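The chain that follows stands alone, in the form predicted alone, written as structure tokens.
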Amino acid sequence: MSLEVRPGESVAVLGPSGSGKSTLLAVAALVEPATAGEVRFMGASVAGMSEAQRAARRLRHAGLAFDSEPLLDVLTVAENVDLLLAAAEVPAAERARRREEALAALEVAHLAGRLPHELSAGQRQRVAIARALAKRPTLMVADEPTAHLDSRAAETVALALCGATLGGCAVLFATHDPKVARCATRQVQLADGRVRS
């Protein structure tokens, strides 16, 4: 079965550990190439794209919140967000506005001047999501975005992720939390590497 995530839609992927959720997200975000089937990103097939071409498309159009995309320890929270926006060629004045909005939405604006090692695991997770959403990506992909959070912080993250669809963003995230999954437009189950609606 195929999986399509349309602009303005959020899709929660559920399934047991080892079912392939992280792999599905990595392929969808162009982090890993597909080993079978066809992947289309913004309507175009990515078959035959080089890693450099996938990276350029990912930088321009995707927001990622994966454990493999950590915050840089030598930069403050604000600088971590700015760095990603600068790499995406967002003008300086617009970078400041987006940074402030994203950090406020994830309730971590008060941490803007701190370094990552001064934050809890949950705070780092919310900053990483804010950093990705600040790009205003075409596709937002998050792997277990509420794993280190209490119920209140998890609700904040769920609202921010699903709220991104109002701007036309397509959101794809994996979760074990049924409350977080319920905020999505649609839920799909993954078992043995196969998607089931």
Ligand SMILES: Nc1ncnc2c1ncn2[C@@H]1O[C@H](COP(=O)(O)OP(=O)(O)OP(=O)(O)O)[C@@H](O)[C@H]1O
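All of these numbers come straight from a predicted model, not from anything done at the bench. The numbering used is simple: start at 1 and walk along the sequence shown.
Note that the form predicted together with this ligand isn't included here; everything after this is about it.
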Look at the candidate spot formed by S2, Q189 and R194 and say whether this ligand comes within 4.5 Å of a heavy atom in all three of them in the model of the complex.
no
Heavy atoms, 4.5 Å, this ligand in the model of the complex: which of 60-68, 22-30, 157-165, 46-54 makes the cut? Say which one.
22-30
Whether P178 contacts this ligand in the model of the complex should be assessed with a 4.5 Å heavy atom distance threshold; does it?
no
Interface residues of 138-153 toward this ligand, as seen in the model of the complex [heavy atoms, 4.5 Å]
E144
